[in-house]
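Before any questions on how it binds or moves, here is one chain, the form predicted on its own, in structure tokens.
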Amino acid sequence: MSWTGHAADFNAWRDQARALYRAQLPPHQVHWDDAAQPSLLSDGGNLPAPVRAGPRVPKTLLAQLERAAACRIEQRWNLLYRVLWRVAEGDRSAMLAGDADGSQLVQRLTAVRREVHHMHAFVRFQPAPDGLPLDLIGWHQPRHQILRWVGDHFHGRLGRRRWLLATPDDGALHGDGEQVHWLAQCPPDWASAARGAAGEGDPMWERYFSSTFNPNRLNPQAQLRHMPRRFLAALPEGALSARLIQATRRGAAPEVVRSGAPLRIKSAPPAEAEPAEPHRDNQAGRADKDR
């Protein structure tokens, strides 16, 4: 017997995984796909009848599985079911980094944690345009589905202001001053305003970024490790950063680089034309002198 599971989110996967475990269907008899992209092998039938109790696993594992489910990767649900099955059967090595499945689980948790850090660091809110019931709007393009993990962070920093953080394909977060709501479908005018504000210049922020830029410690490679290039277009300092690096490489003085003033590159004077045959001319000159 085999079965195809469909899961668009963790809750849908968890309910089906529990039923499949109770039906005693091992991982090699189950194929998972995203509900948004149904498999051609989809049977579309009801869940199989239970023959035993549900899985008993540590709460920490459920938390890890839920967080790893945010990682956008092909076949993401298959790994989660294998780990769940093995741990429920008493094999807790599936949770360890030294195990083949555990290693993949740890890698996904690391990827999600890193993407959460990126969203904390690289979201720049802008004042909302007139006509919207919002104070601030922001736009971010995360690699993984991490919106639910960042709501408390921004809620704690923005206080009672009304804000929106929109993404291209993972809905949006909306803070109404009291609570944070996840919007599966962001209102089109809100999403359009947030997308349009991404990357807009902000004189105050650019002045701050310029004043803290230290050309003596310029290391673009290290900077890209902490600030991936894919985020630069949505940051107000994205274009400014490139100009500062260029000014430093051209040898501008630190105070000029920090000021953000346009560079004046002195062009080199044209080289004097050298005689085509200097040796022969010198010989001719010496001959004239002798006469």
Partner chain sequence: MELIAKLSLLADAAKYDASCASSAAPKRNSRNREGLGASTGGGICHSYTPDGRCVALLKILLTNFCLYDCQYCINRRSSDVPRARFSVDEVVRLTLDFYQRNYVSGLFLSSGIIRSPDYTMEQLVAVARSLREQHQFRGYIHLKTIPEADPALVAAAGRYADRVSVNIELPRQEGLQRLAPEKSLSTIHSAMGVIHQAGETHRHATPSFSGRKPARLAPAGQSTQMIVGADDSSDAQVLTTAENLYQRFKLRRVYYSAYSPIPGAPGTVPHQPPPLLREHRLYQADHLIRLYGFGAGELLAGTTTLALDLDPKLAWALNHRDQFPVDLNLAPEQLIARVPGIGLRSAQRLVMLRRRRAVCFDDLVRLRCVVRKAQPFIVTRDYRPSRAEPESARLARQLRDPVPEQLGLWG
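Numbering follows the first chain given and starts at 1. The term rigid core refers to the most C-alpha atoms you can superpose between the two forms while keeping them within 1.5 Å. No experiment lies behind these values; they were computed from the predicted model shown.
One more form of this protein exists, namely the form predicted together with its partner chain; it is left out here, but the text below deals with it.
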Handout entry: All of 124, 136 and 218 within 4.5 Å of its partner chain in the model of the complex, heavy atom check
Key = yes
Problem - Which of 71-79, 166-174, 183-191, 96-104 lines the interface with its partner chain in the model of the complex (heavy atom within 4.5 Å) - result: 96-104
Handout entry: Interface membership of residue 222, its partner chain in the model of the complex, 4.5 Å heavy atom rule
Key = yes
Exercise for the section: Answer yes if any heavy atom of residue 89 is within 4.5 Å of a heavy atom of its partner chain in the model of the complex; otherwise answer no. Expected result: no
Practice task
Please run the contact check for residue 157 against its partner chain in the model of the complex: heavy atoms, 4.5 angstroms, yes or no?
Solution key: yes
Practice task
Indicate whether residue 250 is a 4.5 Å heavy atom neighbour of its partner chain in the model of the complex.
Solution key: no
Problem - Contact assignment for its partner chain in the model of the complex, among 245, 47, 234, 62, heavy atom within 4.5 Å - result: 245
Fill in the blank from the handout: Of 161, 148, 143, 195, the only residue with a heavy atom within 4.5 Å of its partner chain in the model of the complex is 161
Handout entry: Partner contacts for 194-233, taking its partner chain in the model of the complex and a 4.5 Å heavy atom cut-off
Key = 202, 203, 204, 205, 207, 208, 209, 211, 212, 213, 214, 215, 216, 217, 218, 219, 220, 222, 223, 226, 227
Exercise for the section: Superpose the two forms on their rigid core, then report whether the C-alpha of residue 107 is displaced by 2 angstroms or more between the shown form and the other one. Expected result: no
Handout entry: Core-aligned C-alpha movement of residue 64 between the shown form and the other one, 2 Å or more
Key = no
Practice task
Inspect the rigid-core superposition and answer whether the C-alpha of residue 122 shifts by 2 angstroms or more between the shown form and the other one.
Solution key: no
